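Taking the form predicted alone, here's one chain by itself in C-alpha cells.
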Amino acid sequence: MSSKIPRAFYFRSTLRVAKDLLGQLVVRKYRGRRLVGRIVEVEAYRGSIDPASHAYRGRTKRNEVMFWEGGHLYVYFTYGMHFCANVVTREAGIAEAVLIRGVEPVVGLDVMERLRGKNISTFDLTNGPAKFCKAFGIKRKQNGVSLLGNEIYLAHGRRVVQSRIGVSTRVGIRSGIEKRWRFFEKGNRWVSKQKRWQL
C-alpha cells in the first residue's frame, strides 16, 4: 500500500492542496475491511474570504473542525439527509478546507455497494460528495478524525498531470458562484455532473 500523506501536505495553499488531492487515495478502515478510492473531483472553500464557506461568518459549533490545523476531516450534515467530507487545510485558525466530490472506487467495492444499497451501478457509487460518504461509511462520528491516524487517511496515489485537470465554478452553491475552485480529472467517469461540464 502507498505511504500515508504527511501533515505538511495540508499546510500549503488550499487551492494548491485541492489540485494535488486529485489522484491521491482515500483509505477507510470499516468494520475490519479496507475501502480505498482515488480522488477525482474536489472543491476548495476558503474561510473568511469565501461567502460559500461554512466559516465565512466565523466559528460555530458546526464548523469548529474547519478551524483546526490541516490534516483533519471535517464532516457536515446537509439537507437533513446527507453527509459530506472535507479535508481541512492550512494552519489552525484559518478555517479552509477541500470538499471531496468524486472518488473512483479501487478496493472494497462489495462493501461500498452494500452501504449504498441495491442496484447501484459501479459508476454511480461514489460520483458525488454524499454518495462518497455513504459508500465509505462516513458519518457525524468521523467529524474531526485525524488524517494522520488509521481510521481514515490519505495515501500517495497516481497524481493527475496539469493538462488533465479540469477547472470550473463550484456546484450547488448560491454565494461565491464566480470562483473557479472546482477541480477534476478530465474524462474520469466518477466525476459528478458529467453532462453539465464538458470533460
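Numbers follow the displayed sequence, beginning with 1. Note that the structure is predicted; figures quoted are calculated from it, not measured.
Beyond what is shown, the protein has a form predicted in complex with the DNA; the following relates to that form.
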| query | finding |
| --- | --- |
| 4.5 Å heavy atom contact, residue 38 and the DNA in the model of the complex | no |
| Heavy atom of residue 60 within 4.5 Å of the DNA in the model of the complex | yes |
| Residue 77: touches the DNA in the model of the complex, heavy atom cutoff 4.5 angstroms | yes |
| Partner proximity in the model of the complex: residue 172 to the DNA, non-hydrogen atom cutoff 4.5 Å | yes |
| Non-hydrogen atom within 4.5 Å of the DNA in the model of the complex for each of 52, 82 and 120 | yes |
| Contacting member of 42, 66, 154, 160, with respect to the DNA in the model of the complex [4.5 Å, heavy atom] | 66 |
| Which of 160 to 168, 145 to 153, 127 to 135, 28 to 36 sits within 4.5 Å of the DNA in the model of the complex, heavy atom basis | 127 to 135 |
